[in-house]
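In structure tokens, the next block holds one chain alone, the form predicted alone.
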């Protein structure tokens, strides 16, 4: 099965040529440097940049490959920024029409779930924790079929990656905040109390926690107290990851999975990766290159869900 996959859900334009769990070629162009100056993604610019960039990427693929040999086109249908998704959909359908190939829309979250398949084998049933800039979700899978993938719960407000970015912006650390805070946390101690509420559901809520951390930073500034970036970063990570780990443990106890999966951009965090591995003997975490948005994960999801 040879698949041309397109991913444009947020601010990375990615195209991948895939065959039977092998990546023939992938090109991903990020907009992070542009959005960095604003401390977050500007949706209108993102969609315009996708439209310009995806043409350049496609030309590079056409110079190297005969796309008439592909079996299908897969693209990210949902969820994501509406304008960005629209660009990917239009190009996918245009390519499919011109080559007379089927076009399949894929769930972006399923892409993150199956990104681990490049290095691991999922044994079902499985629990998947997907943590990114826009999503924080816990899933239960009994097979790769979309009908067998059940959402147990998700964030009611801010996603974990979003909170990382907002706290990093308040600390004037830059964008994206995740990698910067992760690096600082390695040198810090969890000495600050950022207690976060937990409940018996599989849902998450981080808006109150975000406000607590930002208010803490503000109060220390107003009182001319030292702001130790290393200690704040470590304390922040300890508390924001706590409900993720607690609720994953709860799902493990309830569903007795044979695999647990970590995915999404925040799965690149070193502390979260280490803590997640301790939860289950068969903990699957994608390679760093597959943690962020990429077309290859859309390709492999398309392959396993619609072989």
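Worth saying up front: this structure is predicted, and the values here are computed from it rather than measured. Numbering follows the first chain given and starts at 1.
Another form exists, predicted together with a small molecule; not displayed. Remarks below refer to it.
Ok, 203, 77, 231, 162: which has a heavy atom sitting within 4.5 Å of the small molecule in the model of the complex?
By the 4.5 Å heavy-atom cutoff, the listed residue in contact is 162.
Residue among 134, 144, 96, 188 with a heavy atom within 4.5 Å of the small molecule in the model of the complex:
Selected option: 134.
Candidate stretches 67-75, 149-157, 216-224, 163-171, one within 4.5 Å of the small molecule in the model of the complex by heavy atom
Partner-contacting stretch among the options: 163-171.
Quick one: is residue 268 in contact with the small molecule in the model of the complex, heavy atoms, 4.5 Å cut-off?
Yes, residue 268 is a contact residue.
Test of understanding: in the model of the complex, would residue 105 fall inside 4.5 Å of the small molecule by heavy atoms?
Result no; residue 105 lies far from the small molecule in the model of the complex.
Residue-level question: is residue 177 within 4.5 Å of the small molecule in the model of the complex, judged on heavy atoms?
Judged by the heavy-atom cut-off of 4.5 Å, residue 177 is in contact with the small molecule in the model of the complex.
At the 4.5 Å heavy atom threshold, is residue 292 in contact with the small molecule in the model of the complex?
Yes, residue 292 sits close enough to the small molecule in the model of the complex that at least one of its heavy atoms falls within 4.5 Å.
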